[in-house]
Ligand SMILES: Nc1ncnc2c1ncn2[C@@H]1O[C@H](COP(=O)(O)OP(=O)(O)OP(=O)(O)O)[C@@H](O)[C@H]1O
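This document starts with one chain, in the form predicted alone, laid out as C-alpha cells.
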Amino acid sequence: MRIILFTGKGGVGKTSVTAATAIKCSDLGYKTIVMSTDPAHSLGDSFNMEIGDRPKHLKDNLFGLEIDVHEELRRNWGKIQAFIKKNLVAMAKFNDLVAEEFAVFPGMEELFSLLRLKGFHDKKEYDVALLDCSPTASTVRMLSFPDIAEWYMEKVFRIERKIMKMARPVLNPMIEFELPNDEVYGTIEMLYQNIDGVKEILCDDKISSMRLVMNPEKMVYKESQRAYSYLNLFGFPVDAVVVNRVFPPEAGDYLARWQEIQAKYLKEIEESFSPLPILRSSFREVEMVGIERLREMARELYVDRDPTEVFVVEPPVTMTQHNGSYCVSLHLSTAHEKDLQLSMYKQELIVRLGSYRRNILLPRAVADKKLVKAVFEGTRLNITFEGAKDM
C-alpha cells in the first residue's frame, strides 16, 4: 500500500490538496482511502459530502474517513476512558459530559489515525492511503508517538505496573482518586502493541512519503523549512513540495504587488527545497469544493504524473546524531569543493555552490552547535556540528 501524508501550516489548503490527490489516484484506478487527522475536520466540506468515522464510499475507487476520537475510545479503549472519567468526576467534581470531553487528551486524533492507518496497511485493504494531517506542530507530535510509546514501555511501564500492584491495596482507601488496575495497564499494553511498527512503515521511502503544502508567503515558507528539517532529522521521507494559491499572471494590476512578493518567495522555495519537485496550484476565483473542481486542481498539480509515484528516492537532506555531534548530509551530485561556501545565520545553514544557494533551517539542537567541518563523500556533502557555539 502506498501512503502519502500532507502537512503544513494551518490554512494553506492541505485539505483541498489531499482531496484533489485522492480524486486523481482513484481516477487512475487505485482503490484509495483519504483520511483526516485534524480535529477540525473539513474533508467532508471539501468533497461537499458527509463523511463519518467509518470508511464511506465517495466515488468509484474512493473512500473517505474522519476520525471520531470519542467513538474510537468507546469502541477500542473503553477501559482507559472509563478510568480517566471516573477520576475526573471524583477529583474535579466534573459532570459526566464534561469529564468525557476532558478524557480526550491532545493528540488522540493523531494517535488513532496512526492506528487506523496501520490497520489498513496490515490488511492490505487499499492501494493508496492519503492523510490530511493537522497543522505542522501536531503532525510532528503525531509522528513522534511511536518513539515516545517505545520509550515509556521500555523504561517506565513494567516498573510502574509492579509498583502500582503493590501500592494499590494500601493507597486506594486513603486517596480520593483510583489508581490504575491491571485491566487499564493491559489496555495500555495492547495500545502499544498496535502502534508498534508504525514508524517503520512511515520511514520506509518505498511505502510512505510526506508532502509539504505551503503558500508563497514568508511565515508559511519558514515554518515549512522548519518542518522539513525536523522530518529529515527523524527519518521521515519527504518527496515533494506543494505550493498552493499562486496568483496567476492574469490576476491584474490590483494584485501586482502580491505577485511580486509571491515571485520572491517562489524563488526562495525552489532554492531551499531543491531537488524536491515543486508542485503548483493557482489561486482560483471560486472555492475548490466538489469532485469536479478538485479534479481540475489535481490536473494542474500533477499534469500527467501519477501522484502515487515516489518523486524523490534519495533524501536530499538527512540529519543524524552520534555521541553529541550532528551530521547534516546534503545530496549534491554535481558539486565541487572549490565552489563551496558555508555560513550560518541564526538557525539557518546557508550553502552556496557557485550561483546555487540553499537555505536549511536547522532544529535548535543542531543550530546551537558549532559547525566544525564539511567534507564531500561521494555525491553527498556531510557537514558536522559539535560542541557549543562560541558566545
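Note that residue numbering begins at 1 and tracks the sequence as displayed. The structure presented is a predicted model; accordingly, all values stated were derived computationally and were not measured.
One more form of this protein, predicted together with the ligand, exists but is not displayed; see below.
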All of Ser16, Phe283 and Val286 with a heavy atom within 4.5 Å of the ligand in the predicted complex = yes
query = If we take heavy atoms and a 4.5 Å cut-off, which stretch out of 274 to 282, 202 to 210, 181 to 189, 113 to 121 is in contact with the ligand in the predicted complex?
reply = 274 to 282
key: Selected contact from Met142, Met297, Ala240, Leu73, since only one has a non-hydrogen atom within 4.5 angstroms of the ligand in the predicted complex   = Met297
key: Option touching the ligand, based on a heavy atom within 4.5 Å in the predicted complex, out of Ser138, Gln262, Asn232, Asn244   = Asn244
inquiry  = Can you work out whether Gly11 and the ligand are in contact in the predicted complex, taking contact to mean some heavy atom pair no more than 4.5 Å apart?
reply    = yes
request  = Report whether the minimum heavy atom distance between Glu66 and the ligand in the predicted complex is within 4.5 Å.
outcome  = no
